[in-house]
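In structure tokens, the next block holds one chain alone, the form predicted alone.
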């Protein structure tokens, strides 16, 4: 029995045989070409063909995982046409008289290595995209047509999986995914979670494991190869329990989220993309309690335009079919950084230049976002949520900009709906002076993750202080109760949207405090509904 630690991508269990997927792409040797014009023509034909394939993949992905995730394939098409990438390929063909296939492979290696060496994990993850588009082009140039060898349910093991490869997998035949390269931010990882596949990465894989029985323990980020009988029996029992729990929760789908005494408790979802929203709608969520709009900013060379944002927001609004969609304005900074923003290096970024502080300093992108949110309100019920508020002057200035942009749109004859405004209560300052802040908003969303780490001075991403990070600490629960009491006096509703909302051991206490609604990840929704229905 061999046990290997990796990084968990999706915390579920899988037991089955390993299918080792060969990279099957030996490094192309440098090959000269006599006719550079013919190689250029072949490269351009291959580009056109692959771009067509990517557009087809995009159409299939929209139906499968939603438009925002499907947009990956449109990005791949743009990457192929990128002037720097394509220019390097054509320059090598012309000036070095090499074959088109070699020029593509060499260019792909160059850019993939460059991205992999960057400090930002987001850009490191993009190296997989470069490798995938380069592999597609070389396959097209060399006439390689790869067919899936998967004919029975397996745990798929590979050096790396690109989003295209992940998207084309038959999910009914995949028990789980194990990769060597990758990250929780990669497109393939996001797709794995969306497709509900147990997955871990960062595993030093071996071809000799092909055909071996294995266990993926997504909860602890473990791969167990050739488990002994006792270990296998333990995990088989855990898997049966997981499946039984899934069946029990699935039975709650048509039932209302209400306590035994008939008190209705709206259950909302925290989402990052259209695929998450589609899952939330499928699971019967009462709305979107938190759309993380900052993910629209990551991966591009500049802030998303007003029109690009409007398209994304409309998509989420349409998916929810009249149920409210709460769009949090860009919560950038700390661990969510885009290179084009030129954010300063900070000794403690969680306490630094982030979230609403960036928005107030960079007004134009913020105003464009406010306009996009306002315009989206014409298509459904939209609410705006401001992160990291800590003082009355901040919400006063934000509200002033919101009103100015609303007035400009109305004067231009743009159709708008009513947009409720809210703030995240995630700093102790906001919690303490929430009575003053309440005069500017319609609702509070308590972000218990940040609130806990700030109240207890315990970084939630630092394992060394993990014992000190306790959302159940009396100091945290007292602040939540204080916010709820003050909000009730000011006729402001309160939603809890941090991880505490998904902690079913806290559900009864939060409802006793008077919390109006809970917002959780889609995969926690039914478990929380069960907890609500068990409350008096």
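No experiment lies behind these values; they were computed from the predicted model shown. Positions refer to the first chain, counted from 1.
Omitted here: the form predicted together with a small molecule. The next part is about that form.
**Q** For a quick test of understanding: in the model of the complex, does each of 328, 331 and 448 have a heavy atom within 4.5 Å of the small molecule?
**A** Affirmative, all three are within 4.5 Å.
**Q** Report whether the minimum heavy atom distance between residue 290 and the small molecule in the model of the complex is within 4.5 Å.
**A** So residue 290 counts as contacting the small molecule.
**Q** Contact with the small molecule in the model of the complex for residue 276, defined as at least one heavy atom pair within 4.5 Å: yes or no?
**A** Judged by the heavy-atom cut-off of 4.5 Å, residue 276 is well away from the small molecule in the model of the complex.
**Q** Counting only non-hydrogen atoms and a 4.5 angstroms cut-off, does residue 483 reach the small molecule in the model of the complex?
**A** Heavy-atom contact with the small molecule at 4.5 Å: absent for residue 483.
**Q** Would residue 460 sit within 4.5 Å of the small molecule in the model of the complex, counting heavy atoms only?
**A** Output for residue 460 is yes: heavy atoms within 4.5 Å of the small molecule.
**Q** Find the only residue in 424, 395, 434, 370 having a heavy atom within 4.5 Å of the small molecule in the model of the complex.
**A** Only one listed residue qualifies here, and that residue is 424.
**Q** Tell me which stretch of 424-432, 91-99, 73-81, 214-222 has a heavy atom within 4.5 angstroms of the small molecule in the model of the complex.
**A** One stretch meets the cut-off, namely 424-432.
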